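Just the one chain here, the form predicted on its own, laid out as structure tokens.
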Amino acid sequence: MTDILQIQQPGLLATLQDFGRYGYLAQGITTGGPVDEHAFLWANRLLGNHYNAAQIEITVGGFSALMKARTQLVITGAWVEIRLNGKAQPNWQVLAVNAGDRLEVNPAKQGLRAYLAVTGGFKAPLVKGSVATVQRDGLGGLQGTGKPLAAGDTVAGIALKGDQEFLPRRPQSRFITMPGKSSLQLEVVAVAQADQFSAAAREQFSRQHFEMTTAQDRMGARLKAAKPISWEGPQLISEPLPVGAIQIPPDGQPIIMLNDRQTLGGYPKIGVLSWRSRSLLAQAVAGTQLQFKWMDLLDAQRQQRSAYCFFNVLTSR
């Protein structure tokens, strides 16, 4: 392994993430991994990496680093201002970098989370099969203790040889999801306690607009609306919480569970987001207007299976 970059400024939050830590939910250990899977998987695909190759998830921006070796990198997800040695660079396009180059990822113009990937992926010790950083569980990251990246940290990887070909790959525009829209329509599958909500509550859930609040992080996102969603059913026993689950707490304002969520929850769930909608939500800043649209379970399964086949997630496991 070779030192690839040294972090000068991590910004609000920069964490090392691979595709996640699977097989430990029964032990209370959550998956972690990229909140925006679409952007993460595209970054690895553009570099010819395995889908699970580790990247740096940069929240909001304000990140800078000194490159320590020759490599290729790409930044996807949030539309950030990228500068290499002070010169502006394109988002979603593979860039060639050399030792001594200075990389800046300035605050996002659109969206919330950017993904910095390098050829071969970043390297760190595996903890329960993954390097995914989960602060709540104290797992993953550079030292395996769940700490986010900090100024002065050096991240290792694979340096490229001088004769390796450079291809400035970029997806077709139709594959690039432009973040930062003022309103989003999100697909929801009616699961768990969905059929125990009243018909009026379900209709209200899908008809009105919700607003993304500032109360959001890698664990979940709180929404608010003019009319809270009522639950008239009994108190529930805690049960497993999938990523994308939409809980309705006593105040009636939904909470959407994200990658670093707790593994169990006792609030009723009115549905779960589709794969595509989870990635859209990952880039929604405070104030974004959200509206939910019901989606058939089979259609949601086909959507995720199609995406995972395209990115070789299913064939690689």
Partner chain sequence: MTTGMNLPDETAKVRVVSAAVDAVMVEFAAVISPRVNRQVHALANWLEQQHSEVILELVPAYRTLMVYYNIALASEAAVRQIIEKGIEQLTADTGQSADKRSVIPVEVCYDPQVALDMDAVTELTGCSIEDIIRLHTEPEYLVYALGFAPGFAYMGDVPERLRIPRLDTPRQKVPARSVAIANQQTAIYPRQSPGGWRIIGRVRELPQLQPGDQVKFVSISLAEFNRGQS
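Positions refer to the first chain, counted from 1. In this text, all values refer to a predicted model and were calculated from it rather than measured experimentally.
Although it is not shown, the form predicted together with its partner chain is what the next lines describe.
_Interface segment, criterion being heavy atoms within 4.5 Å of its partner chain in the model of the complex, picked from 72-80, 184-192, 204-212, 153-161_ = Result of the contact check: 184-192.
*asked:* On the criterion of a non-hydrogen atom at 4.5 angstroms or closer, are Gly23, Gln304 and Cys309 all touching its partner chain in the model of the complex?
replied: Judged in the model of the complex, Gly23, Gln304 and Cys309 all sit within 4.5 Å of its partner chain.
*asked:* Can you tell me whether Trp42 touches its partner chain? I mean in the model of the complex, with a 4.5 angstroms heavy atom cut-off.
replied: Judged by the heavy-atom cut-off of 4.5 Å, Trp42 is well away from its partner chain in the model of the complex.
*Is Leu258 a contact residue for its partner chain in the model of the complex, using a 4.5 Å heavy atom cut-off?*
So Leu258 does not count as contacting its partner chain.
_Considering non-hydrogen atoms and a 4.5 Å limit, does its partner chain approach Arg136 in the model of the complex?_
Answer yes; at least one heavy atom of Arg136 falls within 4.5 Å of its partner chain in the model of the complex.
*asked:* When the contact criterion is heavy atoms within 4.5 Å, does Gln235 count as touching its partner chain in the model of the complex?
replied: Looking in the model of the complex, residue contacts with its partner chain include Gln235, since a heavy atom lies within 4.5 Å.
*Just give me the residues of 237-266, first to last, that have a heavy atom within 4.5 Å of its partner chain in the model of the complex.*
Going through 237-266 in order - heavy atoms within 4.5 Å of its partner chain in the model of the complex - the hits are Ile237, Ser238, Glu239, Pro240, Leu241, Pro242, Pro249, Pro250, Asp251, Arg261, Gln262, Thr263, Leu264, Gly266.
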